[in-house]
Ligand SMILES: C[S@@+](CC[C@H](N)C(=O)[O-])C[C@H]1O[C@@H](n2cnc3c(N)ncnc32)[C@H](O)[C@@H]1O
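A single chain, nothing else alongside it, follows as structure tokens in the form predicted on its own.
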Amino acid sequence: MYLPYRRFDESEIWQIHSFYFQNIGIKAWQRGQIPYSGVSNFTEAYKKARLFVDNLKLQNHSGPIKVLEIGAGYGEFARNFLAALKEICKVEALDIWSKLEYHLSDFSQTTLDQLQASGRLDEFAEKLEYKVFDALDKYSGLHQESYELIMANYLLDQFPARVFARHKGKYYEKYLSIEDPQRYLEKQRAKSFWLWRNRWIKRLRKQHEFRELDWQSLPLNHREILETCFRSNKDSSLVYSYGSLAALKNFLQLVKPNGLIVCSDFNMSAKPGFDECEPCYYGNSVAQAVNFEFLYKYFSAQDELAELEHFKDETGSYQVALIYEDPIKPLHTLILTRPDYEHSLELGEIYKKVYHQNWLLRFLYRFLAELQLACYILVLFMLFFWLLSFGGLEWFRNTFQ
């Protein structure tokens, strides 16, 4: 039996997603259900540690230096980041390490308890604090804290998003109907080992449809930005990452005036036609790729300051950088400061090099994609030429008479 159609971001799959992360704990990573190595390996952690140090050296700090990781999960990134930061401080004789407090936060108390009990981070135990934090609730747990650095890896894709399409000047939205998951949920609550190990959320039968959308119902500034994210003069679909935007606004309430926010995740650009922008299903969770173009343009716009009440009296502007980490698998890193950040954002040699290297790779990738299309056109042209000039039409008549 299928459940009634609901807007994609309000469909039952997001309830399953939330229940999964609240209850499974670190088994999700131990059993390989949730990917994490792409942004949690030592190389990625070192890049972020280097970025942090390069900007922190521009400032004077007398008190503790607080770092917050949101969505700590298995703790792999924390372990690599702390190892990298310790190494940098030792080589450069910096006192950052001695002042450091590293706060690991997660949506799930179960995950934090199991991570702490696992001993995976015992090497850095004196630097660590474990905190429950719901990134979509600015009053959840951390509202009285402030941090020099906030990091989130593979997190922005965990928040509900809407899917829009533009066709012949009209706007449409994706709605989803899924098979009733009740029988699966009842077994899952009984902690069935087989169900924990299998992605039954992906096997749920799903139907989708696009319904006409009242475009004027969206906030004006969001509409204006989304308009520029659709493909120019073409029918296309895109993800409206409003949940990711809400989370970033909450992060801005927690970061200090000279602090950084750094988020890495997979990007989704506009797709041609009516594309359902299907998410990935890891374990029994939902991962909807992020519209980084929308987020970047939002914080790049000067008139957005008025929307964030906490910063309405500030006269500065956000400094925001979008780093294309991988042009084939579109891993992006968003770096953001508050409008009262006192210095110019320093990307450092590593991120500058990443950007320039991937500029060449992106150019090559686009060239190959265009070359592939040109080959298809050439084959069609040769076939058409053969039909006209070498008796192809006569061959067809003789063959099919």
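Quick caveat, the model's predicted, so the values are computed rather than measured. Residue positions are given as counts along the sequence shown, with the first one as 1.
Keep in mind that the form predicted in complex with the named molecule is missing from the display, and what follows is about it.
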Just one of 208-216, 316-324, 166-174, 104-112 has residues with a heavy atom within 4.5 Å of the named molecule in the model of the complex, so point it out. 104-112
Does any part of F133 reach within 4.5 Å of the named molecule in the model of the complex? Heavy atoms only, please. yes
In the model of the complex, does Q158 come within 4.5 Å of the named molecule, counting heavy atoms only? yes
Using a 4.5 Å heavy atom cut-off, state whether G259 contacts the named molecule in the model of the complex. no
Residue-level question: is I34 within 4.5 Å of the named molecule in the model of the complex, judged on heavy atoms? yes
Using a 4.5 Å heavy atom cut-off, which residue among I70, L51, A45, L334 comes into contact with the named molecule in the model of the complex? I70
Among F124, W200, Y240, Y154, which has any heavy atom within 4.5 Å of the named molecule in the model of the complex? Y154
